[in-house]
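In structure tokens, the next block holds one chain alone, the form predicted on its own.
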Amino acid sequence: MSVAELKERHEAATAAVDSLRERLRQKRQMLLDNDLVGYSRTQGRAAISFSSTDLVCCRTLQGHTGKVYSLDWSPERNRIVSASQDGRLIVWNALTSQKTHAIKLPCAWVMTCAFSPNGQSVASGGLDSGCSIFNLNFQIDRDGNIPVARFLSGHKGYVSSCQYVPDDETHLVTGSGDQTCILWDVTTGQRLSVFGGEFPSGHTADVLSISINGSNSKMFVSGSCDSTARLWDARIASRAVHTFHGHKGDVNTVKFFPDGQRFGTGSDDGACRLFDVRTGHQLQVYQQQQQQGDNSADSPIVTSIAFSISGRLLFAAYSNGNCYVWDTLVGKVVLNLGAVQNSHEGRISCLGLSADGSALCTGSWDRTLKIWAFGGHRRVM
């Protein structure tokens, strides 16, 4: 078979796949006879009353000399770990703003960090294609650094995200630019399962984000540059349980809903989406309406998301420095932290909610982190 014939067959196959994909999209659209906002409207639900006095910046954490890329709260809610382009992890006391640890990383190009469930260790990953584990109880060396307790090596691309399995200090999941996710045994450094890669149901581009289901730690979801999110079961690593379509750009961030039955996504296309794990259907899109004449390509991208502990609020960080607080039921923005006093001066790259829901932390390319405290009854919203 000649090269011209192979090229012709490839083009025909590509056209057939595109046609099937469009028919599948139309079929899904026919099944979506309603969305969350539409149903809430029939129930007479109104947007909650929420103002800048209900979420106030109470602390600014300063100490990084480079852009902040990632953060995570400790389970006991009073510590935060952050990763920066300055090549350091900093562990902060969220109550006093003091630094308890400043860890110089083997690879300065860090992209992700995470606390262990017992709060005694932190993990980080980046362009060195591995995940470094640091025991915060280790003695510092003569240069003032904490040595690497374990280095998880096995990915063939950068490590974009990492998360410990809830209530299990020995297991951790990573996502990578090699299009795979890996479940690790931290104590031995061994790979337990690889998700994707050569398997046909895996991602076809870089994995950018992961989120483990807090209600069922065997399940996790991943977001990718292939514009999809995929649901995985650690017990059947050979294939994704489900693939979720809808975004028109890289899926930069994924986060499970508090009940574990739904999850949210944020994308380069400027939209957040809410999907149902059980049905595979999209429940809602959260996106500001474009003004007439605006170019959608110029829309700020969603960099990070988090849900309040009840799921009523969705916090979404954007590349233009905005941080919207969405009412998930009515699909409206009830507050923009980017427009209030003491807001960040640059791209908000990461955010996270404390374990008890009493505070939100945001990290930015302006080299700072900010802690936003909820007032009164807002804590449990």
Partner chain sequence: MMFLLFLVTDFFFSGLVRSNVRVDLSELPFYFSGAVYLIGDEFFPCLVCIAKSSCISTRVIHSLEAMGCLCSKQKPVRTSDAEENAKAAEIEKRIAQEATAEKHIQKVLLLGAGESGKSTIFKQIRLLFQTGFDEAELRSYIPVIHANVFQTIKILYDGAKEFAQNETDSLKYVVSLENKVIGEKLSEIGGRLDYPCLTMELADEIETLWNDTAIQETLSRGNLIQVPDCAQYFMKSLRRVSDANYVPTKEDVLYARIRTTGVAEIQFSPVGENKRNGEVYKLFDAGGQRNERRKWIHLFEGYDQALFEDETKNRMMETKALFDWVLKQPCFEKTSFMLFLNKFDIFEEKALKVPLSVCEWFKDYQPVSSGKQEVEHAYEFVKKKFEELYFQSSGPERVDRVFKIYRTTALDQKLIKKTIKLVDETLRRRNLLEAGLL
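Numbering follows the first chain given and starts at 1. Because the structure is predicted, anything quoted here is derived from the model rather than measured.
Only in words, not in the display: the form predicted together with its partner chain, which the text now covers.
Novice: Name the residue from 185, 233, 276, 128 that puts a heavy atom within 4.5 Å of its partner chain in the predicted complex.
Specialist: Residue within 4.5 Å of the partner: 128.
Novice: Would you mind picking the one in 171, 239, 101, 281 that has a heavy atom within 4.5 Å of its partner chain in the predicted complex?
Specialist: It is 101 that has a heavy atom within 4.5 Å of the partner.
Novice: Do all of 45, 167 and 306 end up near its partner chain in the predicted complex, with near meaning a heavy atom within 4.5 Å?
Specialist: The answer is no: none of the three residues contacts the partner (heavy atom, 4.5 Å cut-off).
Novice: For residue 110, is any heavy atom within 4.5 Å of its partner chain in the predicted complex, or not?
Specialist: Answer yes; at least one heavy atom of residue 110 falls within 4.5 Å of its partner chain in the predicted complex.
Novice: Do residue 157 and its partner chain come within 4.5 Å of each other in the predicted complex, heavy atoms counted?
Specialist: Residue 157: contacts its partner chain in the predicted complex.
Novice: Using heavy atoms and a 4.5 Å limit, would one call residue 63 a contact residue for its partner chain in the predicted complex?
Specialist: Residue 63: contacts its partner chain in the predicted complex.
Novice: Using heavy atoms and a 4.5 Å limit, would one call residue 208 a contact residue for its partner chain in the predicted complex?
Specialist: So residue 208 counts as contacting its partner chain.
Novice: Which one, 307-315, 189-197, 250-258, 213-221, holds residues whose non-hydrogen atoms are within 4.5 Å of its partner chain in the predicted complex?
Specialist: Of the stretches listed, the one contacting the partner is 250-258.
Novice: Give, in sequence order, every residue of 76-97 that has a heavy atom within 4.5 Å of its partner chain in the predicted complex, or say none if there are no such residues.
Specialist: Heavy-atom contacts within 4.5 Å come from 85, 88, 90, 93, 95, 96, 97.
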